[in-house]
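For reference, the chain that follows is the form predicted alone, supplied as structure tokens.
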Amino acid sequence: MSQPRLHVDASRRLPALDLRVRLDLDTETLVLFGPSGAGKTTTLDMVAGLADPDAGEISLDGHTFFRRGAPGTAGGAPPVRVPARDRHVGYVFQQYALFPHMTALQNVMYPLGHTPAGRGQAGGAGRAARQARAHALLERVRLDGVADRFPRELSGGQQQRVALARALAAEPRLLLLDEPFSAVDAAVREHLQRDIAELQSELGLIVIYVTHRLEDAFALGHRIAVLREGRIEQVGPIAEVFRRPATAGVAEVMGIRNLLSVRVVAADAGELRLDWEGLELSAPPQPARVGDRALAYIRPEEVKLLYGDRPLSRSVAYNRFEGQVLRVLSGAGFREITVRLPNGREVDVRFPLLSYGALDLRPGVAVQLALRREALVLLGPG
């Protein structure tokens, strides 16, 4: 197996938690996902060289950026600390961090004097070369027409593109993005996501992208690392982690609802039978033993409403219950209802806006539903 391009194995004590991160990346976009205060920005800062780990090792393409007290190095390899300016890591900050007294062009030119090529260029010819390169970068992000404007004269999306062009000026192999779309609207966000995806592929970049929006993760990332309370709890393809979170903590962080506290009452090669606080559920075979208590979950899209006068399909032959509608929420293209079941627990049901048009789904009305058997997933201990 080939060595990863970026290796991060670092720890740092913070006021509110002890951060311990281990990640291996190749040419890809990894989404670093988690709640506020989990250590996401500090992780980026350690990789960029803006914050030092207390211990660990960080390397990129075989070059060690940081090493101190790393496992297996006691009495061996000496400590290493490469300054941030020499790592050539592109960093787009959440608040852009543009120089307010510089134009867009000057902001992008600034790091060009610190690249290997830029340091070799002096005098007027060197400045002209850097200016041409900055214009080219602004053109690459479709902003050459605002080169002479100051940040205060630019929209949020334009400022974000200037920040991206400036990050690319460092000729990075690694690009760090700290919630870069938090201050732009949906249309601008979509354009920026497309720009970054194209740049990542075109330039062969490693990208670490911090966000707390699951929609952004799906739009841009190849893999996701869920960071919770200073620890990486799960890493994998985004759709896989979303469909099968490894722990209840991952499910919570990813906003997965319909968590059920269950007890395994029977387990064989073909079926799990679960007691959910008085309701019996059938689930597909999964690693579990009779008597185990666990958390299960089912996505709201996998809870199906039933028509009382129509034949049942095989997919809803199990886990059928009657409940009472508590709340109804309609959004762009979807409807979501919350139903209270006979055991007093609630489940969310989500479906396209035009589905179930013949059903009365007002609060207080009785409905029949099915928790689709194949969609019930067991997590860790409950």
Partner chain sequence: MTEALLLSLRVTAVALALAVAAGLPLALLLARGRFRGKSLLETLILLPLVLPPSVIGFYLLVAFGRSNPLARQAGLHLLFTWPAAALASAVVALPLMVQASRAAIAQVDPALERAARMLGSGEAEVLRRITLPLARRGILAGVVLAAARAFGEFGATLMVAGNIPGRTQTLPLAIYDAVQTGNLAAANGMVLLMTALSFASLWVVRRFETRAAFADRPAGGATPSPGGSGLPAGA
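Keep in mind the model is a prediction, meaning the values are calculated, not measured. Residue numbers count along the first chain shown, from 1.
There is another form of the same protein, the form predicted in complex with the partner chain; it is not shown, and what comes next is about it.
**Student:** So, a 4.5 angstroms cut-off on heavy atom distances: do all three of 91, 102 and 110 pass it with respect to the partner chain in the predicted bound form?
**Tutor:** Yes, the whole trio is in contact, each within 4.5 Å by some heavy atom.
**Student:** Of these, 50, 317, 326, 353, which has a heavy atom no more than 4.5 Å from the partner chain in the predicted bound form?
**Tutor:** Partner contact (heavy atom, 4.5 Å) among the options: 50.
**Student:** Which residue, 266, 312, 259, 97, is the contact with the partner chain in the predicted bound form, using a 4.5 Å heavy atom cutoff?
**Tutor:** Only one listed residue qualifies here, and that residue is 97.
**Student:** Sort through 205 to 213, 80 to 88, 190 to 198, 271 to 279 and report the only stretch with a non-hydrogen atom within 4.5 Å of the partner chain in the predicted bound form.
**Tutor:** That would be stretch 80 to 88.
**Student:** Might residue 57 be said to contact the partner chain in the predicted bound form, defining contact as any heavy atom within 4.5 Å?
**Tutor:** Residue 57 lies outside the contact set for the partner chain.
**Student:** Can any non-hydrogen atom of residue 161 be found within 4.5 angstroms of the partner chain in the predicted bound form?
**Tutor:** Looking in the predicted bound form, residue contacts with the partner chain do not include residue 161, since no heavy atom lies within 4.5 Å.
**Student:** With heavy atoms only and a cut-off of 4.5 Å, decide whether residue 289 touches the partner chain in the predicted bound form.
**Tutor:** Because no heavy atom of residue 289 falls inside 4.5 Å of the partner chain in the predicted bound form, the answer is no.
**Student:** Select from 7 to 43 the residues with a non-hydrogen atom within 4.5 Å of the partner chain in the predicted bound form and write them out in sequence order.
**Tutor:** Residues within 4.5 Å: none.
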